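Quick setup: one chain, the form predicted on its own, written in structure tokens, and binding and motion questions come after.
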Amino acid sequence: MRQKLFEPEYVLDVRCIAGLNGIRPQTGIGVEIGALTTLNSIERSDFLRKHYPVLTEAAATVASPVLRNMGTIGGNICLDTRCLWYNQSLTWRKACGYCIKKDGDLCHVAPGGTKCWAAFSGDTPPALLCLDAEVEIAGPSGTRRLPLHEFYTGIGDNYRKLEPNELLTRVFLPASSADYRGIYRKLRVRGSIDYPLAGVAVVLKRFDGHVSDARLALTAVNPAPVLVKGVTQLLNGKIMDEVLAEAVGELAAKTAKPLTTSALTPEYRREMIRVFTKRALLAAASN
């Protein structure tokens, strides 16, 4: 708001809505997490750490402890997309002729394009995608529930399916996604506080030493967090090794579409997706 990226007429504090806070396991169904549950509560939850460890790992990397005490899972899911040209003062943006995302019709990331490429930079959504999460949205006509992967549009300036008069209220993790080994790896300029410039979430389940299921999701390298297609088929029934992890890393790098939305080059961020994917898979397989 200080940079006039948001200019609301009113600001409403929703923190006192008790029904939207808390982690509530449901036997045989999974777990319900209120949208106002703090990231610190998720990070420290014994239940989530035991059954959905990739989520607690991702939550632990967000910003700093002070901010995790205030920031919520709902806020992280709804985090605004970011760009080197968008996250600036009004004076700076005016001098550049604004951009598609705010006040203009030009994309500085992809000149000549009609699509906004501002990147999504939330840490918990890729973990939630790996866990087949669903979200509940409330509005004047009632509530609706949809898979998290359908919540994002992949368009930087209109990145989520949430109307101005709607509120994200709950997150659901199914019992079928419980007890996967989970790893989250994040590239950032500093070791804390900073948003991810490339992030990888991995969940893995094995039987008799062989991979029986695996999922991989990326953040900060596309206008939306994305699941990498083909990972399960590539790994299913095989024993994880360096060669296999490298192959999945190449697949993830091809899925990543980083453009010049941050200070680091797209080439470096894509390469780190490959590296982090390989490391995360080998770490998950060794746990």
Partner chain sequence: MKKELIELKVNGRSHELAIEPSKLLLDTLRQDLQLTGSKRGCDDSSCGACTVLVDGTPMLSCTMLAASCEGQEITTVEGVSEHGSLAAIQKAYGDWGGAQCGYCTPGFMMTVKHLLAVNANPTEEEVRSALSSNLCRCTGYSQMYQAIKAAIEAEQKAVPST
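Numbering follows the first chain given and starts at 1. Model, not experiment: these values are computed from the prediction.
Omitted from view is the form predicted together with its partner chain, to which the following refers.
Participant: Check whether residue 65 has any heavy atom within 4.5 Å of a heavy atom of its partner chain in the predicted bound form, and answer yes or no.
Facilitator: It does: once its partner chain is placed as it appears in the predicted bound form, residue 65 has a heavy atom within 4.5 Å of it.
Participant: Given that its partner chain is not shown alongside this chain, does residue 193 nevertheless sit within 4.5 Å of it in the predicted bound form, heavy atom to heavy atom?
Facilitator: Yes, residue 193 is a contact residue.
Participant: Evaluate residue 24 for contact with its partner chain in the predicted bound form, applying a 4.5 angstroms cut-off between non-hydrogen atoms, and reply yes or no.
Facilitator: No - in the predicted bound form, heavy atoms of residue 24 and its partner chain never come within 4.5 Å of each other.
Participant: Though only this chain appears here, would residue 29 touch its partner chain in the predicted bound form if you measure heavy atom gaps against 4.5 Å?
Facilitator: Answer no; every heavy atom of residue 29 is more than 4.5 Å from its partner chain in the predicted bound form.
Participant: To test your reading of this chain, name the stretch in 151-159, 133-141, 185-193, 110-118 whose heavy atoms come within 4.5 Å of its partner chain in the predicted bound form.
Facilitator: The contacting stretch is 185-193.
Participant: Identify whether its partner chain in the predicted bound form is within 4.5 Å of every residue in the set 239, 254 and 274, based on non-hydrogen atoms.
Facilitator: No: none of 239, 254 and 274 comes within 4.5 Å of its partner chain in the predicted bound form.
Participant: Listed by sequence position, which residues of 15-43 have a non-hydrogen atom within 4.5 angstroms of its partner chain in the predicted bound form?
Facilitator: Read in sequence order, the lone residue that approaches its partner chain (within 4.5 Å, in the predicted bound form) is 15.
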